[in-house]
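First comes one chain, alone, set out as structure tokens in the form predicted alone.
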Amino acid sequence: MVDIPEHLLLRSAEARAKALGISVEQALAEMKGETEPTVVSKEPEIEEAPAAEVKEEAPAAEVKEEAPAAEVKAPAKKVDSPEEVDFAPEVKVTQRLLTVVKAKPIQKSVSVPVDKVNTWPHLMLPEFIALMAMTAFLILISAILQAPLLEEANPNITPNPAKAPWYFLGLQEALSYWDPQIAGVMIPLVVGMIGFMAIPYVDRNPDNNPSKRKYAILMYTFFLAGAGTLTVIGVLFRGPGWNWTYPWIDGIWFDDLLDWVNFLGDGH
């Protein structure tokens, strides 16, 4: 049985008492089933037709034609059983509202984002544009900068300082601090291979948004900061004998960068 709230039950009892002419307490008891319901019988209403006007001198046949018959409605069937009585007003059962479910539209106005795109043109077109831009930049730089080949290498003369290409200068700088077995083997193996391969297992966040991958970004930032610092020191702050120098005092001891310095000096 559905529990009806008290305020709704009281309101229905007041309406029932007003309609039946009984007290509110009696109507409330009848609705709860504590007493027998009040039986209300309605007397049928009969509409009486006006009496036919009959002329004394007219014959019976003419009286029948001129006087309309009285319209009498059939009396309504009297109901005695309480089960067949229609109470007024009807008691309306109100259900309790548990939750509100937001209706979804049949056709969504906003498309559902997906994490997959076609290779063409979303990938190939930007890569092709970047390739053409980088090719044009390299052609322009090679036409401006003078980068002649040095003299033939002499095994009896070692240049001082002997610097590796810029992408190896970080490793060469690390060799000046630690033993070659540590700086040349252990650090690249542990940091460069095992460390990078372990990142997907340490940071198991499946999100592709960079702002939500803070742990992975933090680890890679430490690597870039360390490698970049060692490279900058090897390029600018190492002179003859791999001693510490200041580029604004002792000059730059790196052939690849000297072309840029000479180019900027000629421009002035």
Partner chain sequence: MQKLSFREKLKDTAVGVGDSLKGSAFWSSIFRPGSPFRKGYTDSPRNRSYVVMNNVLYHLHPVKVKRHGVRLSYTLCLGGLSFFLFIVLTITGIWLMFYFRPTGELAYVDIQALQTSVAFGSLVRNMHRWGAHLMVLVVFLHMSRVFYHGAYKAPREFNWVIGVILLFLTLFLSFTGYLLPWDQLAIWAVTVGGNMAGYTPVFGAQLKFILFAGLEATAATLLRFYVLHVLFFPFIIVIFMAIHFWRVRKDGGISGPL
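So that the term is clear: the rigid core is the largest set of C-alpha atoms that superpose within 1.5 Å between two forms. Keep in mind the model is a prediction, meaning the values are calculated, not measured. Positions refer to the first chain, counted from 1.
Here the subject shifts to the form predicted in complex with the partner chain, a form of this protein not shown in this document.
- Taken together, the three residues R213, Y220 and F223 all lie with some non-hydrogen atom within 4.5 angstroms of the partner chain in the model of the complex.
- Residue contact check for T158: one or more of its heavy atoms lie within 4.5 Å of the partner chain in the model of the complex.
- Contact annotation: E14 falls outside 4.5 Å of the partner chain in the model of the complex, judged by heavy atom distances.
- Taking the partner from the other structure, the partner chain in the model of the complex has no heavy atom within 4.5 Å of any heavy atom of G33.
- Taking non-hydrogen atoms only, G241 never approaches the partner chain to within 4.5 angstroms in the model of the complex.
- Heavy atoms closer than or equal to 4.5 Å to the partner chain in the model of the complex belong, across 161-185, to the residues A162, K163, A164, P165, W166, Y167, F168, L171, Q172, L175, P180, Q181, G184, V185, ordered by sequence position.
- Taking 2 Å as the criterion, L175 does not count as shifted between this form and the one not shown: its C-alpha moves by less than this amount when the rigid core is aligned.
- Comparing the forms between this form and the one not shown, the C-alpha position of P121 differs by 2 angstroms or more, with the core used for superposition.
- The Cα shift for I199 between this form and the one not shown, taken after rigid core superposition, is 2 angstroms or larger.
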